[in-house]
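Next up: the same protein chain in two forms, each one alone, written as structure tokens (structure 1, then structure 2).
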Structure 1
Amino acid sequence: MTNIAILGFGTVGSGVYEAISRCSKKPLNEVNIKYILDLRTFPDHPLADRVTTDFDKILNDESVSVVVETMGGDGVAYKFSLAALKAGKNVVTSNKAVVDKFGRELEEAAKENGVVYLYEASVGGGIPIIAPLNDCFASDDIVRVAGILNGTTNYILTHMQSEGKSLEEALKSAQELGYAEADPHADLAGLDSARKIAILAGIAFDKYISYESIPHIEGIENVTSEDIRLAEQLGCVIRLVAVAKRVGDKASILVAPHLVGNTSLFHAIREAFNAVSVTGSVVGEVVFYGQGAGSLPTAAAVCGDIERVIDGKVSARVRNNCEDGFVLSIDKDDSRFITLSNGKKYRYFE
């Protein structure tokens, strides 16, 4: 029996409870959710008696070996994660903001304390991508990681195209389905995708890269229904794509709406699905596809990390710092542009 605590019982935290309750396989079916930390109460929930507002109770309980941080934000979530690692507890999270900002410090703290800090759920929802990047591609030089990494914007672009919905109408549905961030500006403006590509590029290029070093982060706010229609006439869809490319000993990283032609697998990515393409110098291109947002898919990634902790399949890793100038400025970007018949220019993804 492994005792865990879930910090934050929102979309992902409650999904973790649901995923654990449904699981019939060891070791997850032997996990006991001993505490749920939340400011709210859940009087009708089967685990209502486990809900607490007192983090110290969790910290001081030596029987809790895994803390699941699904709070969001980079304030309290970071403080609690650090405290848990220092107390010798493994931390598993879906929180890309904390991973982006404090990943190095938290991974160092994990290493010093003989535990791990895992964040598979922070990128790509239910798609396993961080563990494969860390393990399966470990002996290959990665030359490109690219992804449709934001479910909300992909859902919006899909519904603007298929049903002629406005961006606002499609956003409202994405919010109702639990895909969007608390502040959907992070989705629409490309910040969420930027955090995710920074995390992936960091692992791929063995450095800590913050999204703040990405020189071009453009969202979908200026994509119009007309653009989508004109793109269709060229056999393309418009998708928000994040791209990190190796350029010599440096990297080019950007987030922008791209025209995607039907020769790319990304052309078929609809709704809130995500896809990640990893190109290794030996293996060539490998594409991962799955549900990039939502309660249960994200919870599935969290549960995969919990399982890896329990089975002892992972050890703490610490990467290098990102030296100044490693991420190239946008004037070095060699993207190919295509001009639509209304005069608007889009990068082309291939």
Structure 2
Amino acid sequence: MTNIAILGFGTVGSGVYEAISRCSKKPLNEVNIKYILDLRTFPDHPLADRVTTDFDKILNDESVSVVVETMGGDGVAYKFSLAALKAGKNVVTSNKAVVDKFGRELEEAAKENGVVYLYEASVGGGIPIIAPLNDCFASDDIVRVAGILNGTTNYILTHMQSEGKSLEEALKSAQELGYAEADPHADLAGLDSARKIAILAGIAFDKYISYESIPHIEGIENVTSEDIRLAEQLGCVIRLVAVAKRVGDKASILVAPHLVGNTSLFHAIREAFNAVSVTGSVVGEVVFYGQGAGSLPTAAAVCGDIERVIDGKVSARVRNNCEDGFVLSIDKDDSRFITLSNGKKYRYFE
């Protein structure tokens, strides 16, 4: 039996409980959720007696070997993750903000204490992408990672196209369905996608890359229904695409709305789905597609990391520092642009 603790019992944390309770396969069917850390109580929940507000109880319990951090934010979540690692506990997270901001420190702490820090669920929801980048492409030089990494913006752009809605109308629909937050700024401005591509680029290029080092982060706020209609006339759709490319011994990284032609698999990515394209110098292009958010898809990725910890399938990894100048300035960008008939220019993704 493996004892775990879940920090935060919201959408993802409760999804982890549900995914574990549904699973009939080893080792997940032998996982015991010993603690749930939350300020709320859940009197009608089957695990109501496991809920605590005392993190030290978890920290000091030597029987707990895995801490699942699904709290969100980069304050207390970082503090508790670091403390757990220093206490010799493996940490699994879905928290992209903490991974982006403190990933280097947390992975170093994991290695120093003989445990691991895993974050498959921080990018792409239920899409397995971080483990493949670390393992399956280990013998290949990755020359490009690109993705439709934000389900909210993809839903909005899809419905602006299919239903002729304005951005505001499509956003309202996304909020009603729970795809968009009450404050959607991080999604619409491309910040969410930027954090995710920074994580993926860092793994692909063996560097710790912060999203703050990305020189061009552009969201979809200025995309209009007219733009989408004119793109269709060219056989294209507009999608928010994050791209990280090798350029010699450096990298070009950006987030922006792109025209996507019908020869690209990204052309077919609709609704709140995500897709990640990885191009290796040997294997060529490989595309991963699936649900990029939601309780159970994200929980599935968390549970995959829990299984890897239990089976000993991973070891602590520490990447290199990202030296100044590794990420090229935007004036070095070699993107191909296409001008719509209304005069607006868009990068072209192929």
Ligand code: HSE
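Source: prediction; values computed, not measured. Residue indices: 1-based, along structure 1. The term rigid core refers to the maximal set of C-alpha atoms that superpose within 1.5 Å between the two forms.
- Source of structure 1: the form predicted together with L-homoserine (HSE).
- When two forms of a protein are overlaid on their rigid core, residues whose CA moves 2 Å or more are considered shifted, and Gly164 is one of them between structures 1 and 2.
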